[in-house]
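There is one chain below, alone, in structure tokens, taken in the form predicted alone.
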């Protein structure tokens, strides 16, 4: 995969995309999909942790370049280090970044965080993907599939709305991994024309407004949510790179 990154990546100096020596050290390179929430998680993590990252859309690779991915749909490079998969990439960025780790130290809060991360990554994501992409071969009735997925999504969103009733963020009044994962999936359903799913979820709407306006937790003057692709970006097969300018 090193050859693929060498082929498509923008050549930058070792310390920051503008050539200045920055605390970010090596600029990250990410290959991901414009319509994959797992890619969104990596972009959010880099933005939150103040890591400059050049992002390249998988959809723009030619056939030979795509073959070099060897079945992977998401990969990150820093210098000579390459890692695949959203879980590994987000963990690497979290440990590598400038801000406090999103991994909570309090045992009870960490357990609550992991509970909500699991719901997002397993139950909620499965229903969202079935809703958006379908599940060809397992169900013949697309209407039944959509109805079933919507019912499950509403069930999870109702639970999340209740959880957010007395919290600024999902676990507590501090931004955590739970917020990062849920932001990726909820953003995906919103840009997939299912905005009505949160129309009557006031607590989720209030939480989302906080997510959309909060500055990076590492102290940089950027809003992580602004780096996520919108509908136009998906149509144009474009991923925004993460730029950190205020060191």
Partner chain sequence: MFFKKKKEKDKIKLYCAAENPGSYSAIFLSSYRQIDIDVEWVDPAEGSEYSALIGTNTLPSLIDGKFAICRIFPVLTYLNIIGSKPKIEPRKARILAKEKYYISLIEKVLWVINIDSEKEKLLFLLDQQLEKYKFIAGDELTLADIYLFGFTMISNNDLVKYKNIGVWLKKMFSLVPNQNTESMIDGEFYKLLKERKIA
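For clarity, every value in this text was computed on a predicted model and none was experimentally measured. Residue numbers count along the first chain shown, from 1.
Only in words, not in the display: the form predicted together with its partner chain, which the text now covers.
This chain is drawn without its partner chain; in the predicted bound form, the residue among 151, 72, 126, 158 with a heavy atom within 4.5 Å of it is 72.
Heavy atoms of residue 132 never reach within 4.5 Å of its partner chain in the predicted bound form, leaving it off the interface. Contact annotation for residue 114: at least one heavy atom lies within 4.5 Å of its partner chain in the predicted bound form. Proximity of residue 169 to its partner chain in the predicted bound form falls outside the 4.5 Å heavy atom cutoff.
With a 4.5 Å cutoff on heavy atoms, residue 146 does not count as touching its partner chain in the predicted bound form; it lies far away. Shown without its partner, the chain has 72, 78, 79, 80, 81, 83, 84, 87, 88, 91, 92, 95, 96 in segment 65-101 as residues with a non-hydrogen atom within 4.5 angstroms of its partner chain in the predicted bound form.
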